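Next up is one chain by itself, shown in structure tokens, the form predicted on its own.
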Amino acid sequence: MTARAAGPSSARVGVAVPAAGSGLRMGGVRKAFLYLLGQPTLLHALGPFLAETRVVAVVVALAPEDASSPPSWLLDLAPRVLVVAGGATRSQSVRSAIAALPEDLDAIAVHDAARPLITLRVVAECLDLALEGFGAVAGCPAVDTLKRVDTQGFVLDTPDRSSFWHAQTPQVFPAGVLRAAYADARAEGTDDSALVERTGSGVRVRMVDAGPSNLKVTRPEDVPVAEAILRGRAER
């Protein structure tokens, strides 16, 4: 993977990686440590960020019991990588990771450890936008018909899908904007952009098309799909 940097060579970007999930939907196996084609999911997820020369620090938030004794493959990965103890929720883990990042950053990215198929192109595009003062969210346009339903599952209406996207990660913002979004210890959510929206910062957020292949490995049936995509990329 070739390192790439666009924009000012002096730009400094940090990455917060929540990886403390219990893996209940994966049968109790922590998704970050699940092997895909002989390599942990977490390593696949970190690769494009470590190939980006603007990324100066990566903080991985593991479950406390894992953070106290991280695997050697993670400790020896790169001097830029630091491990901290995460929390009971994704927001708590992101907050812990952000707190451990250097203060003098221009932008901060948040990327889920369970998304091992992110590409360097998407990472670079998201960083470019954040360094221009925007927010950036990787995702893909909705292709299925959407239904809005009530609490019992009855259809209320069918919105026009043309303006809907599926949000993924990374989600990248100017550093001060993301720090402000996580400053309230009570702020919780599974989407970083939503927390930024609540602050009323006025920062415009643009979607970056990462395609449907940037899937989140959540259930056992996701594993063969992810491995097939990785295998196809390796054969190109």
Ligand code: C5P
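In case it trips you up, residue 1 is the first one in the sequence shown, and so on. This one's a predicted model, so the numbers in the text were calculated from it and none came from an experiment.
FYI, the form predicted in complex with this ligand isn't displayed, but the following is about it.
| query | Heavy atom to heavy atom, is R95 within 4.5 Å of this ligand in the predicted complex? | reply | R95: no contact with this ligand in the predicted complex.
| message | So, A109 and this ligand: in the predicted complex, are they within 4.5 Å at any heavy atom pair? | response | Heavy-atom contact with this ligand at 4.5 Å: absent for A109.
| query | How about G14: is it within 4.5 Å of this ligand in the predicted complex, going by heavy atoms? | reply | Residue-level check for G14: no, no contact with this ligand.
| message | With the partner left out here, check for me: in the predicted complex, does some heavy atom of C126 sit within 4.5 Å of this ligand? | response | The answer is no: C126 has no heavy atom within 4.5 Å of this ligand.
| field | One residue of A88, L75, L156, V143 in contact with this ligand, assessed in the predicted complex (non-hydrogen atom, 4.5 angstroms) | value | Answer to the contact question: A88.
| Residue among V83, L101, L131, A114 with a heavy atom within 4.5 Å of this ligand in the predicted complex | After the contact test, the surviving option is A114.
| query | Along 203-236, which positions have a non-hydrogen atom within 4.5 Å of this ligand in the predicted complex? | reply | Result: K216 alone.
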